[in-house]
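Presented as structure tokens, the chain that follows is alone, the form predicted alone.
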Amino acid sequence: MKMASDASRIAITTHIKPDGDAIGSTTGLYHFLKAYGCRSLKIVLPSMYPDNLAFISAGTPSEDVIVYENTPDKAIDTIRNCDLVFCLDFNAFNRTEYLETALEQSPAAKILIDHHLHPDRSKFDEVFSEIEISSASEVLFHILMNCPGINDDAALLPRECANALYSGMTTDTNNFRNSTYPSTLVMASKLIAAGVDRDAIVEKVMHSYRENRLKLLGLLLKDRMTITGNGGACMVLDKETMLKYDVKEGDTEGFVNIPLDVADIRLSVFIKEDQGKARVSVRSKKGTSANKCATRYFHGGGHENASGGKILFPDDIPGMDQAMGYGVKCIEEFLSEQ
């Protein structure tokens, strides 16, 4: 943490459309550095996180959280004028979208803390990247356990930091259903022993959605999902339906995992309309590579069993009305080769 103690202005940032791990790791690091003695600290987000994750950063002063979509000039100036940037839960600057150019041009030292494949090491001064680990929150936890003054005692972490890291890990593992390793259980055990209320966090992460989410899920499973004949499933959500059900960011979290509850389904693809394109989530069971599927067909990638990407209009298909046919075709072709 010497680089942090020597820095006069620190920014902490993460990827576009931040999920629980992004918010958990950035918030956790913020509160640790604050307790460590760093004073000029700002969290800079490319876009706002979903409402159901607001509890993670509830103890963070609002003036220290800058969202590009709300105040773009302030976000860019903060990145450009700091002398140290922590980059969490992404492997390349382009994952931040709006902040990419500012990060490229910033003369500040940059530290990466991540768990995705193929980190762009040339862009960072220090890289802490492990792919056989549950989340960026877990990577950060193990780093902090080795910091001076902590000495592997999770009880010495600031309470806001401990809660945020546990929340981030919980979301990225889908409450230990995915990407769970021995080190993940060690982390959970130490944090619970240190006083983290696991049940309260699970309640907020997994059981605090709006009623419309359940109704939307019923519609998708009944009328907007296709099961292929060779172990695949594809769900599609268009803008018209999102407006009808008042879908907000985070309302569809976890939908892509549900088809995998069926014994014969090995690969699940969820296609959601976005501005001028569709965002794609890909999940798979062990032995089938979501990463290869996302890389080959959806301009993306990620983890072996949890990846993402996009469908471009009109490069891949003319528009959203072709998304189901395109998704099913890609799934069937990919699985036929497995």
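These numbers were taken from a predicted model, which means no experiment stands behind them. All residue numbers are counted from 1 along the displayed sequence.
Omitted here: the form predicted together with a small molecule. The next part is about that form.
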- prompt: residue 31: heavy atom within 4.5 Å of the small molecule in the predicted bound form?
  reply: no
- prompt: So in the predicted bound form, does any heavy atom of residue 306 sit within 4.5 Å of the small molecule?
  reply: yes
- prompt: Is there any non-hydrogen atom of residue 300 lying within 4.5 Å of the small molecule in the predicted bound form?
  reply: yes
Residue contact check: residue 110 to the small molecule in the predicted bound form, 4.5 Å heavy atom: no
query: Considering the small molecule in the predicted bound form, which of 116, 190, 210, 224 comes within 4.5 Å of it through any heavy atom?
result: 116
- line: Note: the small molecule not shown here; in the predicted bound form, the stretch from 279-287, 42-50, 58-66, 22-30 having heavy atoms within 4.5 Å of it is 279-287
